[in-house]
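Below, in structure tokens: the form predicted on its own, a single chain.
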Amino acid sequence: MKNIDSHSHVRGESVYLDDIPVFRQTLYACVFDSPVAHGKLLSVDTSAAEACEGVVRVIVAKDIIGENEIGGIVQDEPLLADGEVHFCGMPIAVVVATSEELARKAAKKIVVDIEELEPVIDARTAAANGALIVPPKKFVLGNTEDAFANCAHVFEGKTEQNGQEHLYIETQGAYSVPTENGGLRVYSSTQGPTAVQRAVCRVTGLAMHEVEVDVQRLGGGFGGKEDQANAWAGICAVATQLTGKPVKYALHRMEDMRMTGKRHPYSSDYKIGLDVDLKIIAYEASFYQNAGASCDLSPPVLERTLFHCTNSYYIPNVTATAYCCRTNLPPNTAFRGFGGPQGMFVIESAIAHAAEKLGVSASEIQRRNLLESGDEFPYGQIAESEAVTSWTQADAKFDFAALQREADEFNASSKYFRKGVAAMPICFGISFTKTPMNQARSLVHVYTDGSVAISTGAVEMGQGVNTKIAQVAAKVFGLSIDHIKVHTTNTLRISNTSPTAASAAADLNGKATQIACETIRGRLIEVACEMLGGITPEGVTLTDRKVHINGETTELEWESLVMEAHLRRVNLSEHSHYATPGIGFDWATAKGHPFAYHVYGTAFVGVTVDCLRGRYEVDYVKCCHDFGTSMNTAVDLGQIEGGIVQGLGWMTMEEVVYDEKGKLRSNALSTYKVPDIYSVPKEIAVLPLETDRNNLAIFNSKAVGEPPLMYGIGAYFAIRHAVMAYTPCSPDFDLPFTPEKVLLCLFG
């Protein structure tokens, strides 16, 4: 089954925020943002801007009717700067004008007086200064101090990981419209409609029932619109409240890149100990997370780094500590993987370091330490592992030893090119680690013509969640997909939503939809039994728009059954609730069962490096991935391939560059490189893991949004392998491994 949006996408008919027809008297906003990273805001002169053509109002912090605060976890993020500026790009004032062009022209007339202070852009410097947003977090399993004393081999090192720009095709934006009696309707490009609703209520002083947030779809999110959409919705809402007019703001690309946060950069230390059989006995890691200027989602991102600090490996003694460091960069935020990839890269670097020093293949250490069912994670959950199975099935299909031999034979005969191969196993937990967020609701209507409408809290952002939700209803009711419509995500229809994130949207909202549909189906079957002569419900099914009894087709059709149920005053609507059972985590003990299930997989990655120029190509990514029982193979394969390429980009070419003053230098598509068609792997092969293990996912499928990104980590180590095959060097574990860095390793 195809993605239900494919037809409208390719014809350019799909509606995004900027496609919404504008209301009469709509005004347009433009932000004037801080030109410096840190300083005291002494004055803001808006007089010249206010005198410009078309300007209706210029808004500063003192004009906000509600609170000047949008921080969700820690109250440290003003909507508009007041007294201080904390990063380049921090909003200071908002120009509201009759056109977008006039608003932007006037914003350039604003003059500020800032007493510049020394910015901090490095996480370790911030930690040394005591600038932590929340207290350090720690996981402990066993006793690393005693275990290291008994290890045959101990190695220590450091890693550096840069950030990553989300670069969603649709930039951040919002459109606020006044409603009767002082209320607001906000159209927002957000992954978290309820988070936007709360932020808007806070800055306007309105109650949640007075603010409606509606989301049709996003042109990509990748985590960047989970919390960071709040500011732009808040700005538009404040402007609407103060002017009484609809206000729209869709950021230009360079505005978006300058003013929004990225994937968190990390600087980390590791210490790894192995016995004579290459079993990892002890592991310590310290993670210094560059959170940026305010909290945003940094603490839960940091927590997931700890949750994934040992990746797919069982290590009996672990001490992992993480520091959330406040710097003068834009607040960094959620990004596909949500801190997990940063933790995985460090353990993979430690294994590569140990393998290099011991003269063995990193894959040998990886294979010998894979999780098995019954092993304990550092956070206390007991594994139901497919790690060994995924490695074994990948090896049986793709023959890792043969791939290594091919690379070695090529390297022996090539003068200026080298091939590298690496294995990348993954283990990724599925659920929000904040347990109360693991709930969802679905509103299902069956109309008297037999068509079905569904509203959930899931946001469609290109990942196909609406398609899967429609499939759930189609399967339960025995209908074709043409009978089902999934409507916009709206806080009046579905309240108190969790964001579409953590790869959990299809599971949570799909389960809620299943419950609603099965409840309605049960009512319909009771009616069918009465219509067909008082038969019992056992053996009655709905398939292909017909009622069946013990597999035999009756004359009773879906539409007739629905109409008769309505005439009998049977409820054809249901608002259902689903909460993931059996999960929970206690930070007081740092132990629990936070994940409904884990996704496992193994990828083999091969590259070819041009050792004269430093350039490289990714020859293949061959993986065995744990789909569970896929609901939609085409959608899932698209997610896997996209995730792999996005992970490769982070590892190889996507370099976020700030100068020493905290100004973004990689601020446009001319200075920030993402993978294009020429950079993607020549071959991506995906083998579904064969397993009959049950899980809590919808219809026993498994999440595919985030886990595949981690396969991209293998490219880093494959490039490193190729470089070391050409010259006797030991490259630092410093990502991204850009062609410039490769060249410096080869000839530096």
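Everything numeric in this text was worked out from a predicted model, so none of it was measured. A residue's number is simply how far along the shown sequence it sits, counting from 1.
The discussion below concerns the form predicted together with a small molecule, not included here.
Novice: Can you check 391 to 399, 86 to 94, 497 to 505, 145 to 153 and let me know which stretch has heavy atoms within 4.5 Å of the small molecule in the predicted bound form?
Specialist: That would be 497 to 505.
Novice: Verify the contact flag for Q463: yes if a non-hydrogen atom of it lies within 4.5 Å of a non-hydrogen atom of the small molecule in the predicted bound form, no if not.
Specialist: Contact check for Q463: yes, within 4.5 Å of the small molecule in the predicted bound form.
Novice: Does any part of G478 reach within 4.5 Å of the small molecule in the predicted bound form? Heavy atoms only, please.
Specialist: Heavy-atom contact with the small molecule at 4.5 Å: absent for G478.
Novice: Using a 4.5 Å heavy atom cut-off, state whether G223 contacts the small molecule in the predicted bound form.
Specialist: Yes.
Novice: Would R336 count as a contact of the small molecule in the predicted bound form, using a 4.5 angstroms cut-off between non-hydrogen atoms?
Specialist: Yes - in the predicted bound form, heavy atoms of R336 and the small molecule come within 4.5 Å of each other.
Novice: Just give me the single entry in Q639, N317, T580, Q471 that has a non-hydrogen atom within 4.5 angstroms of the small molecule in the predicted bound form.
Specialist: By the 4.5 Å heavy-atom cutoff, the listed residue in contact is Q639.
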